[in-house]
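To begin, one chain is listed below as structure tokens, in the form predicted on its own.
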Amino acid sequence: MKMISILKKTDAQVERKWDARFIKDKIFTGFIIIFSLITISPIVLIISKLISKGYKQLNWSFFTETTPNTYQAMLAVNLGEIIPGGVLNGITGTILMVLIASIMAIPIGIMVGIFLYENQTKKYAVIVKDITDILQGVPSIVLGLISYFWVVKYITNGFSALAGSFALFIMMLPLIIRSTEETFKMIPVSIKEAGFALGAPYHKIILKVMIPSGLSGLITGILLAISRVVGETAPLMLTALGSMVVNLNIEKPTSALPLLIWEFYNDPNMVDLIWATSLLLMMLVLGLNLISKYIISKRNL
């Protein structure tokens, strides 16, 4: 009987202990859910606000026409109509400058990333890695100033799409370098050793073995770099300046979607275009990030 009573007490103690753990688990789970909702609520509010304010301006002319002048916008606002025109000059300018910056940043970034991967312990590689990390943390306005003094004043002798592309190139470079290095670190060493065992030269192992093996990681890094710079305004204000017309000449000032948002902000008649352009830019950045996430998920399968 004494043994039975001891066992009952033990069972009761275990049951109370499990009840306490169950309660703590539910409380902790509740806190996680609450903090998760708090974390995602800003982006949900931002997206809902942009959609509710900007969808009215999204029509065919918004993508095929250049920005209107103040008089056209004021007349449309007073009549309660949709503001005529669009952001074609910003779309073409953004594509042009990001394309030129990518042409410069992708090959250089990949080559430097490969160098850092192959020489991880060498002093020069460590210095380059530290400079890359510092460059990644430099504010974009500082990079815009550097581009202004280096390119605008002494190379192009004026604001231009080329100067804006150079500013974006500097911003993209550290992201591509570090993503390339980390991608190559994830590739099994045995793959490279197999290439050497077959007698392949070093450059062919890099081009034919290593890069194809890490292609998904390289593409992900490139997309993340593009999604970072596509929404930058400060560097382009000091380099590209902006334009009210479509300009594909890299030696002349050109516009971009972030620059148009800033220009619309300074005109009270362009408020609707601010929301619509911001919605378009957010959709572009969100699309690039979703594509990169999809590539990462496929890579990890």
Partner chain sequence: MSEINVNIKDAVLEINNVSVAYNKGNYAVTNVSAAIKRNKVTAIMGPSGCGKSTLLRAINRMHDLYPNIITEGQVLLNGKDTNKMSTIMLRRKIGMVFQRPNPFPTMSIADNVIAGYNLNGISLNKTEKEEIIEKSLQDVALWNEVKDSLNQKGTFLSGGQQQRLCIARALAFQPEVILLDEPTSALDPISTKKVEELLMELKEKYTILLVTHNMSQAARISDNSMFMYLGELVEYGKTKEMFINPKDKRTDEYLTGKFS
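Every value quoted in this text rests on a predicted model; they were computed, and no experiment measured them. Positions refer to the first chain, counted from 1.
The following text describes the form predicted together with its partner chain, which does not appear among the structures shown.
- A single residue from the set 171, 218, 209, 224 has any heavy atom within 4.5 angstroms of its partner chain in the model of the complex; that residue is 209.
- The listed set 127, 79, 197, 186 contains one residue whose heavy atoms approach its partner chain in the model of the complex to within 4.5 Å, identified as 197.
- Segments offered: 143-151, 199-207, 96-104, 129-137. Contacting its partner chain in the model of the complex at heavy atom distances within 4.5 Å is 199-207.
- Under a 4.5 angstroms non-hydrogen atom cutoff, its partner chain in the model of the complex lacks residue 92 among its neighbouring residues.
- Taking non-hydrogen atoms only, residue 213 approaches its partner chain to within 4.5 angstroms in the model of the complex.
- None of the heavy atoms of residue 74 is located within 4.5 Å of its partner chain in the model of the complex.
- A residue is said to contact a partner when one of its heavy atoms sits within 4.5 Å of a partner heavy atom; residue 193 meets this definition for its partner chain in the model of the complex.
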